[in-house]
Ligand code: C5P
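Okay, here we've got a single chain as structure tokens, the form predicted on its own, with questions on binding and movement later.
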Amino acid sequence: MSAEVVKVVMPPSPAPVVAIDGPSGSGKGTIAHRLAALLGFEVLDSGSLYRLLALAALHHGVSLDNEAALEVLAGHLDVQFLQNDDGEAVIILEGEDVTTEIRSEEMGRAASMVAALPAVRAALLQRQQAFREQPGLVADGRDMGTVVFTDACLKIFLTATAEARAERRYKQLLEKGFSASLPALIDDIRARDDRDINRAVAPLKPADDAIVLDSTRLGIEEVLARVMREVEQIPGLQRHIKS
């Protein structure tokens, strides 16, 4: 009587993740997109999910401190992340292009408020983790390395002074034709930092194994070069680098 041969099927290895965290205006979004292009990875802009939830709440008349209603809304968020013919990101909320609208300072403040609610963060956690697909993912946010992708093969924490971050945002707003006050932006960024750092769930902080980069006196190309040096040290990421 022959012995039965049992085949053991190993589960596929999870897609590699690079987590880029940091406070508002630290440059993490720009670096995430540039890095993803170099690696051929997908991008998760986790902050956009909180901005979208805040905008959906305004559309549906839901108060930004109504945690129970926001939890339900988060679980049924009708969102599409697309690209136009020029390869630029397009974000659709309930059938409407809101790409520009969610980048306003108002939505940034509202997003910071809803992101402090534990039930909201829990409702969006699985949705964020679902972005992890082959060949890999670059995820930017405030808790990508500490909560959402704790096994990320590389964790970067970008920071800069509140003044430097406010000045960058000020220039961005002026370039887009918006009016802005630099002192007001500094105050707003400090307020957001306080909410993010001191919230009860998933506070903003570097992961224990994160590499902290201060971009106060660095340009985007300099920051990207430093991040790429770290990428080159990870064998699993090396092979994805486009020549």
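Numbers for residues come from their place in the sequence shown, where the first is 1. Values in this document were obtained by computation on a predicted structure and should not be read as measured data.
This next part talks about the form predicted in complex with this ligand, which is not shown.
Next on the checklist: So this ligand isn't shown here. In the predicted bound form, which residue out of L93, L154, A74, A111 has a non-hydrogen atom within 4.5 Å of it?
Outcome noted: Spelling it out, the residue with a heavy atom inside the cut-off is A111.
Checklist entry - in the predicted bound form, which of the listed residues (R199, H33, R190, K205) lies with a heavy atom within 4.5 Å of this ligand? => result Contact residue from the list: R199.
Next on the checklist: Within 4.5 Å, heavy atoms only: does R132 come near this ligand in the predicted bound form?
Outcome noted: Result no; R132 lies far from this ligand in the predicted bound form.
Checklist entry - Can G27 be called a contact residue for this ligand in the predicted bound form at 4.5 Å between heavy atoms? => result Although this ligand is absent here, G27 would stay clear of it in the predicted bound form, with no heavy atoms inside 4.5 Å.
Checklist entry - Hey, in the predicted bound form, does R165 get a heavy atom within 4.5 angstroms of this ligand? => result Flag for R165 set to no.
Checklist entry - So, in the predicted bound form, is V138 in contact with this ligand at a 4.5 angstroms heavy atom limit? => result V138: no contact with this ligand in the predicted bound form.
Next on the checklist: Within 4.5 Å, heavy atoms only, one stretch in 74-82, 141-149, 93-101, 154-162 touches this ligand in the predicted bound form. Which?
Outcome noted: Every other range fails; the passing one is 141-149.
Next on the checklist: Given a 4.5 Å distance limit between heavy atoms, list every residue of 145-170 close to this ligand in the predicted bound form, or none if there are none.
Outcome noted: Stretch hits: a single one, R169.
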